[in-house]
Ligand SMILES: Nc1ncnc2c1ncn2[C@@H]1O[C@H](COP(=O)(O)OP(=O)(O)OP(=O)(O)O)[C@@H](O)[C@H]1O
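A single chain comes next, written as structure tokens; it is the form predicted on its own.
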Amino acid sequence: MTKITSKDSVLDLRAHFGFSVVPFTREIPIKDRWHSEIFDQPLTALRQTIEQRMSGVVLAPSGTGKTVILRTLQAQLPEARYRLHYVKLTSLSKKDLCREIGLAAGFDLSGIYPVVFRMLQQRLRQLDEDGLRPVLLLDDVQDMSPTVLTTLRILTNFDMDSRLVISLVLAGDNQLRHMLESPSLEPIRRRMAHIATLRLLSRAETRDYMQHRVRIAGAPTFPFDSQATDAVFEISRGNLRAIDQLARKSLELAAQKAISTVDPSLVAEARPYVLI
């Protein structure tokens, strides 16, 4: 198996194919994101949900672009009206969750949980009266304890549920769907005005996505033949993260071998280097 060295392969890759930046990395500016109905439609619906002072959910398999959706949502909502805060969850306590919501509202809270909770309710009410909308983007919510998640119901219950003072976007995989379908979380589920879902790419969409990533990386030509893009789709099954990893490793191997166009054999050779 050919050994790939990181620094040399990056330099060879850019020089060999004429890229201005390394393609297929996760470091992609929002302005350069791939525009497709499978992303633009959920994004528009979530933005409209927040603009209507409500909350929503993003359900997506791992590696299908939900974090990009959240980043784009954050970039599109004007700072003059919204206070957005992104949290990638592992295991938050009730107190930690309240602090994160406080940060979304623009202030830091400290103290024991009951004190933090009461302070947060007061601050959220004041922020609402000032015309500012805190928005909390919670990623990987399937890892949150259901007990902690129920705290969101209490925090969104103002004046007997007559005031919506914070918008939530809960993002996660299908485990989150199962969590929200449980009877104990029905009050949370009923507060979600829209559920957006992302899916794996089709064969044609995989090729379009690869062409876009090559174009924004500055290459003068598309360095994959049609059978290579088919191979990337067959192996990745349309998972964005897997497409990126497999395509980049294929290009690195081609650069090492001084090959100008990636064919299916290079994609197959790159397969052991990526976790799919």
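Worth saying up front: this structure is predicted, and the values here are computed from it rather than measured. Each residue number is its position in the shown sequence, starting from 1.
This next part talks about the form predicted together with the named molecule, which is not shown.
Contact with the named molecule in the predicted bound form, defined as a heavy atom within 4.5 Å, is made by all three of I28, R33 and L240. For the options S236, T64, T229, S55, the residue carrying a heavy atom within 4.5 angstroms of the named molecule in the predicted bound form is T64. With a 4.5 Å cutoff on heavy atoms, D140 counts as touching the named molecule in the predicted bound form. Taking non-hydrogen atoms only, A217 never approaches the named molecule to within 4.5 angstroms in the predicted bound form. Mapping the unseen interface onto this chain, R213 counts among the residues with a heavy atom inside 4.5 Å of the named molecule in the predicted bound form. Under a 4.5 angstroms non-hydrogen atom cutoff, the named molecule in the predicted bound form has Y209 among its neighbouring residues. Of the stretches 221 to 229, 247 to 255, 46 to 54, 33 to 41, only 33 to 41 has residues with a heavy atom within 4.5 Å of the named molecule in the predicted bound form.
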